[in-house]
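Shown next as structure tokens: one chain only, the form predicted on its own.
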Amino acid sequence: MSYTWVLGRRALREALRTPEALLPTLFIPMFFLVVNLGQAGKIFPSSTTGFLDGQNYGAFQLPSSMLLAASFGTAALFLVEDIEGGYFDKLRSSPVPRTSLVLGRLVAEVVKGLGIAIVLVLLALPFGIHVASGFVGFLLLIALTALWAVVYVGFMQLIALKTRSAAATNSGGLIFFPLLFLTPNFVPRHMLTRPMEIAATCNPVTYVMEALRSLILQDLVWGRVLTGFGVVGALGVVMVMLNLRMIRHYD
């Protein structure tokens, strides 16, 4: 585990040394939150919209912004830089375990994801948004967001290891936008048209979003929360296994 922590700290330092890569991670999700609240806030007033549970429409939209912030995958671009610069080959030729090569960056992504989630929730407070599930719900909220960041970075690292190209890795990240909009993003799932409801039901991001949303709008609804963590956990295991397999077969 010492190798994992060393590589994780290095990955965190990479992120801190390039704040220009972190700023869009906060600015773009907040931009979407403000725009969506401004466009639909009057359509769904808190006093007459049941699915808002007494909060404003920004509370319903905050999970989308948190998932978007957790899905930038900048760690994979740093991995491409290591590959192109030859540093990754040096790590592979050293006695560093292959698991540490994978887990180091994922550990760093957990820490970064926790920080980003906390900042987003704090920035949302002036909009009249609060976490209805209390302090425990707040902890679960930021933990689930950080774990989703690990899943997404694991996917991006697969592209980076396969293509070894920054352009291809960056383009691969665009897959999140169709996944985000094939969810109950603007209204609850039961209000979608039938084809869209089927697509949202088949989309794993839907269950993560609904878990985050329940933590913000309601008291602890363990069924939804555990479903969200279950989806993230299953996807996380798959991503780690695929990353390990990719590194073992890396030429």
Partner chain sequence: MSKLVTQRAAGESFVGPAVEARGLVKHYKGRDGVVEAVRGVDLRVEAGEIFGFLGPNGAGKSTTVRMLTTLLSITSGTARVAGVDVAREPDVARLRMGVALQEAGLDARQTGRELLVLQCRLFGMSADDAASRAQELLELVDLVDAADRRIKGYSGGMKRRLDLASALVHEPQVLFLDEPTTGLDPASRLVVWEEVRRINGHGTTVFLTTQYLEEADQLCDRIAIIDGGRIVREGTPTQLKTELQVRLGLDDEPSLDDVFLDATGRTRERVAGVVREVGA
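Residue numbers count along the first chain shown, from 1. Just so we're clear, the structure is a prediction, and the values are computed from it rather than from any experiment.
The form predicted together with its partner chain exists for this protein as well; it is not shown, and the discussion that follows is about that form.
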query	finding
Interface stretch in the predicted bound form with its partner chain - options 90 to 98, 168 to 176, 116 to 124, 147 to 155, non-hydrogen atom within 4.5 Å	90 to 98
Proximity of Gly86 to its partner chain in the predicted bound form, heavy atoms at 4.5 Å	yes
Exercise: Phe78 in contact with its partner chain in the predicted bound form, heavy atom 4.5 Å	yes
Within 4.5 Å of its partner chain in the predicted bound form, all of Tyr3, Arg10 and Glu14 (non-hydrogen atom)	yes
